[in-house]
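Given as structure tokens, the chain that follows is alone and in the form predicted alone.
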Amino acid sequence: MKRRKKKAVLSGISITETENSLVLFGEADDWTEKLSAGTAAAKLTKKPIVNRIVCRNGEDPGGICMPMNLTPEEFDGVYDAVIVGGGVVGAAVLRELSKWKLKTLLIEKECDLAFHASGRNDGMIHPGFAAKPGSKKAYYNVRGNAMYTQLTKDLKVPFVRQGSMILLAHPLYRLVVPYMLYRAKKNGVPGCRYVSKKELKKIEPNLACRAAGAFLMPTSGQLFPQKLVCALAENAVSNGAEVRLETAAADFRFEGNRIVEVVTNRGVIKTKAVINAAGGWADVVAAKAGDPFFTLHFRKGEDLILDKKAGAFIKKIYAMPRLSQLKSKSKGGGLVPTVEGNVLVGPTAHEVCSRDDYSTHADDIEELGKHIRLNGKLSAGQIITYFAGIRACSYHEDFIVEPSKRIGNLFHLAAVQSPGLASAPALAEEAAKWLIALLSEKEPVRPNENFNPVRNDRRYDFDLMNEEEKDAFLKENPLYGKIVCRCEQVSEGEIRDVLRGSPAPMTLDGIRHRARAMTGRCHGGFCTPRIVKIMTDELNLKVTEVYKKNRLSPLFFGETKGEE
């Protein structure tokens, strides 16, 4: 029956098998039909799917959106590697490569890092249980998860391993626990165990659902993802790496089967290797780089953010999924207490055509209410905002982590959907291992003996100080005692230090990502004018040069009063 269904879905579609891919041609009524054909084809082969089916209704995810007219820049000499993409994977690769004596550059087409998927997720460091045993997701997730304890300590990024639980909705579900323990053991997830109904009530006294127990995964954690990405890049830059924002990879030039130049909107970059970490645009970059062996499809997830007061009523990350979701493409969402005290609710999961449609919808927000109702102390009245993110997926629903089979100096880190955040440090090690081997074919690559893994961040140090230390620090740095954002208790000193960092934020959202100013209940209603004044002073800008998100979102268009 399933075989006949696949044939029906693929009816009228031409299939060509190449050395590296299965390529689909033909027409479909819409994106849903095109997606179904790609998913069905993936069940016929282990090869990546290239989906070239055309939608009759004109739906198409589109390609790279080039930044606006910008001043060309000089790129000095030949880089050992150019990393395309400023998300968590690209930033982690840049930092990993800064451990070596290499000339490396990360280019990001947006005006800041973590602009897309890496800045639009719940910040959960997954344990590795949900990933299919034997998959790349499972392997890199578990490896990456274990690295976060030391990594976040070095980068001074707040991180907590509060653990996560799958709530068992019915006593019969306990029969599945042995299978869950077996799966956890097979994936290498440590410490998992069954939690009785009595123990569960002690752990989470505010549970409002009739859970018959839970499956506990203690290695789960949570952090603020934008802070992590910026911290990775800042530490890499302090160790000699480079970052260029608003710089898009438009084309590539070759000598034989090797890339020698990356053509951007800012100029031409000479390089010995390219690492494709372009997130939702990784298939586009791969095609432009001469290796179109996979196509991505896109899944939107929407999340709610609850007020900080909600954080007092929940201790661990938890959800009550249906048993059928154990084999689902999505983990189903849940409640996620954050390191800052808020509670995240979600995400949802819906297939979409767009690479970057971050609109939110009332139906999805209403759907997330089922998670809120798991806790008797949480309510819709605690919602302060909501947001959406897009996951870039392969048709096999697994990461693509491999050197190109066609281009000799190209490495792909693509289709890195959830658990991509947890996997990023391990993926970075894999890319670095490949690059060192590639470059060592011509000459030895030596370690950077001056590499400092610890990031200099006075803001984080200040939070860890005792009262006596804070008093001494404030005497030398009085601006740290001048609170600008009251909701999040962010000081003028913190904001100015953020603006002096490298790479520095260019927008209000950039400051939001690094210091959490404007993320409270008032959404910057009180502190935005003061932050704008600090930005104009620190960066020597006019107020009309201050933007919220990017150059397309100016806050001011001109002065209402001025000299005649």
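Keep in mind it's a predicted model, so treat the numbers as computed, not measured. All residue numbers are counted from 1 along the displayed sequence.
This protein has a second form, the form predicted together with a small molecule, left out of what is shown; the following refers to that one.
The closest heavy atom approach of residue 416 to the small molecule in the model of the complex falls within 4.5 Å. Within 4.5 Å of some heavy atom of the small molecule in the model of the complex lies at least one heavy atom of residue 303.
Remark: residue 220 does not count among the residues lining the small molecule in the model of the complex, judged by a heavy atom distance of 4.5 Å or less. Using a 4.5 angstroms limit between non-hydrogen atoms, residue 107 touches the small molecule in the model of the complex. Residues within 4.5 angstroms of the small molecule in the model of the complex, judged by any non-hydrogen atom, belong to 388-396 and to none of the other stretches in 363-371, 154-162, 388-396, 448-456.
Proximity of 343, 382 and 524 to the small molecule in the model of the complex is absent: no residue of the three has a non-hydrogen atom within 4.5 angstroms. Here is the short version: of 180, 259, 124, 352, the single residue with a heavy atom within 4.5 Å of the small molecule in the model of the complex is 124. Exactly one listed residue, out of 228, 249, 138, 484, brings a non-hydrogen atom to within 4.5 Å of the small molecule in the model of the complex: 249.
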